[in-house]
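Below sits a lone chain in structure tokens, taken as the form predicted alone.
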């Protein structure tokens, strides 16, 4: 009995230590953004909202934050739709072509972001499709990077999905679309939400692909923070990080709440 009780305790200790290690960078960014000094240092010289106000009134960081948010929202919508449809095909179809498509869809996760960004940049420039340094071209790059995460999360649920439930709905007179909407979509809704969260977070913080595809008039928050830290060491970048952290946490909590409400009303 002592051995059995010691194992869960050890797991709890390891879990709390892991959580603490993951939260350390977040705490450092928040404290650095609330620094009252003139330079980005840690530990902070004091606590102040000076650099938070500087971020909110900045003509550089605030538009970049809005650009990142807009790109992340559009990317999330496109990636969620395409990723869900691709997951349905990959989980139900069979054959060598399907296996090849599965590898192709997951490939952007394996390849370094610099390689993907460089490949897209060369493609845009060499083919003269008019997507170089444009919002559309940047969104395409973000969709390529984020879509595999939606596919992976949705496919993980569809692998164990009992298709007899869908067939039962069809036998009761439901159309294919109605059976999918009332049965399949409800079962995989939580995985779709998780994939959407992954897509939003990855798109909002995407740096490597954005570095190649952004332009002077198309600056996202990560690129702006990187540029600012190259030429100055003000805590404004850390203050921008505070808002980025808050946005990601808010998106995660909101999505989980919506999913729980759907389950409650679904019952």
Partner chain sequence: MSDIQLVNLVKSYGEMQAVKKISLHIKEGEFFSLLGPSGCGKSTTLRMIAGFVMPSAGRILIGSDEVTHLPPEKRDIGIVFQNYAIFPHMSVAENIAFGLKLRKKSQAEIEITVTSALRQVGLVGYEDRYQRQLSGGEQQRVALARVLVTKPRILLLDEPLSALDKALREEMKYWIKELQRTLGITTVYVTHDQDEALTMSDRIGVMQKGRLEQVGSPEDIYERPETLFVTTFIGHSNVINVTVKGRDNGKTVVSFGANTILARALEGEVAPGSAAKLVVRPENVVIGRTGEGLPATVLTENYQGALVRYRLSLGEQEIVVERQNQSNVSRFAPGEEVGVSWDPERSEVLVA
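Positions refer to the first chain, counted from 1. Source: prediction; values computed, not measured.
Keep in mind the form predicted together with its partner chain is missing from the figure; the text below concerns it.
- Comment: its partner chain is not present in this chain, but in the predicted bound form one of 107, 165, 115, 73 has a heavy atom within 4.5 Å of it, namely 165.
- Contact annotation: of the candidates 156, 129, 187, 98, the single residue with a non-hydrogen atom within 4.5 angstroms of its partner chain in the predicted bound form is 187.
- For the chain shown alone, residue 81 is not a contact residue for its partner chain in the predicted bound form, no non-hydrogen atom being within 4.5 angstroms.
- Looking at residue 174, you'd find a heavy atom of it within 4.5 angstroms of its partner chain in the predicted bound form.
- Among residues of the shown chain, residue 183 is one whose heavy atoms approach its partner chain to within 4.5 Å in the predicted bound form.
- The closest heavy atom approach of residue 92 to its partner chain in the predicted bound form falls outside 4.5 Å.
- Of the candidate stretches 175-183, 81-89, 115-123, 136-144, only 175-183 has residues with heavy atoms within 4.5 Å of its partner chain in the predicted bound form.
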